[in-house]
Structure formats: structure tokens, C-alpha cells
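First comes one chain, alone, set out as C-alpha cells in the form predicted alone.
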Amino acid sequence: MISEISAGTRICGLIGNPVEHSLSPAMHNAAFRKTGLDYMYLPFKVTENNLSGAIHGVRSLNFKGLNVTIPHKVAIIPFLDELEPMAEKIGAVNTIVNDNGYLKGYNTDAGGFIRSLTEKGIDPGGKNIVILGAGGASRAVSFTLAEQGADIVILNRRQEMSWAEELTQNILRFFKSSIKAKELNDANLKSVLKSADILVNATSVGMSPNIDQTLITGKLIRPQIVVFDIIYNPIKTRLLAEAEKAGARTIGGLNMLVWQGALSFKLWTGVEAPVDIMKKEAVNILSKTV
């Protein structure tokens, strides 16, 4: 905990349902301690019915900002005064900055994903990228990759192909990108992975407690590919483990989690976040849950 709280302490927080297992409070409070900023970050469980009241409270109490998680990333938008361009395109917000009652929404999930690539020296521009899934996480990933000029194939389950098709059409409204939607099956996986530079798992398959699950086994993974699993619990998913055995480069979801938090931190404080401290705090917590 931050040792001293005063009338000048700025409050940031997380709203969602559930929020009990979020790593964000620990990451951000560790970052505030490291930088010496008089801020505190708290989690708030907010139901759909109480969303309007929660935002009214943010304005009235002059919270500096919020992170927004499931299930409010889309529903929050009508309560905001402005959206940054990428959040508007994606149609989802995960960060809010309060400027004396004026609320602006951002999507740092998108930026966090790209920073996770660039810190490894990977430029997605012009790369062939396969994305598994077409849900909320895939939206942020797909839009930001399209903005970077990547060639994208989205694979999704047959019963939810409409999601993938709608996502590709939405992206094409904003970007002149090469993007296709295909059914997630063995034949299509084999076909698209032959020329893929980057594979992104944007589904929840393999997330704790179902850590033995994976959509792709190592025999389909070429050593030349980069495999990015946005799941952060466990830190090393079965997909990442199999990719490593196949000789591929891997990036875990913890990187994206930390970078999206670091970008939120900068938006609220104007100060560069201590990324290493945030990551260390997250790893410590996840290690204790194993």
C-alpha cells in the first residue's frame, strides 16, 4: 500500500465485473511508489446497471482516470465526451482520462500489443499475420495491425464466422489493408501458416485453469514464425511451450498486459512508466498463483 494518503492524492482505478483477480492495482501502485507520484489505484466492481452512476462518480469525485475491463469496454463509450481515433475505430475503450470532468477514452490494448512487438525488434508492417479469434481482444489487435500495414488472416470458429466477417469489413472501412476471414479448421491452419510471419492467439484457449489446451500444436509451427499468445495466465501457455520446442520466437501476453498498463500510466500522469517494475510485480503475483 502507498504509505500516506492525503487530500491531494490522485485516484485512478479499474471498473469491471469481475475485478478481484486483476493484476492492474498491484502493477500501478508499484509504479506510483517507484516514481514517487502521489497517486493510488483501486479496483471497483461495477455491474452493467451501475455503469452510469460509476461514471457520474468519477466526474464528481474528480478521479484522474480509469481502466475499463469486461464487460464495459463497449458500453462505456456513450458516457464519454471524446474518443481518441484508434479507440473510435475499434469501438472499445480500456482507458479513460479525466480532465476536470471532461472524459476522454483511449484503447491502450492496441498500443500495448504493438509495443510488445517493437520492443523485440519486430515491425509488423508488410508481414503476413494470422490471428486466431474475432472477439474483443482480436478487435484491438486486428485494427492496430491493419494500421501498421500488415497482411492479415483472421481465423474463427464456424459458429462465429459472422464475427470475423464483420470485423474484416469494419477494418476495411478505415484501412486499405489485405485482410481475410476464414474458418478455423485444420486445413485452413495448415494453409495460412505456411507463409505466416506472425501468429497471434487472441482467444482464451489455454488460459488458466485450462492450461493443457491449445488450438495449434508444434508440428504446424515453423521455426521462422513469431508466436504471440495474448494470454498472460499462465505466463507460458501450452501454445508458447510448443512453439519454443519448434524453434519459433515467442511473446507472452504478460508483455501486452504490462505495456497497456504503462501507456495508461503515461496518459494519467504524463510520466513514463517504470515498465520493469510493473512487469516484476505482475510476475510475482502470477508465480504465487501457480
Ligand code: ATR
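A residue's number is simply how far along the shown sequence it sits, counting from 1. Just so you know, these numbers come straight off a predicted model, no measurement behind them.
Omitted here: the form predicted in complex with this ligand. The next part is about that form.
Only one of L184, A196, V153, L103 lies close to this ligand in the predicted complex, with a heavy atom inside 4.5 Å, and it is L184. Out of the listed residues A137, L189, I129, I114, A137 is the one that sits within 4.5 Å of this ligand in the predicted complex by at least one heavy atom. Just one listed stretch, out of 81-89, 202-210, 121-129, 170-178, contacts this ligand in the predicted complex at the 4.5 Å heavy atom level, and that stretch is 202-210. For the three residues G133, R157 and L215, a heavy atom within 4.5 Å of this ligand turns up in the predicted complex in every case.
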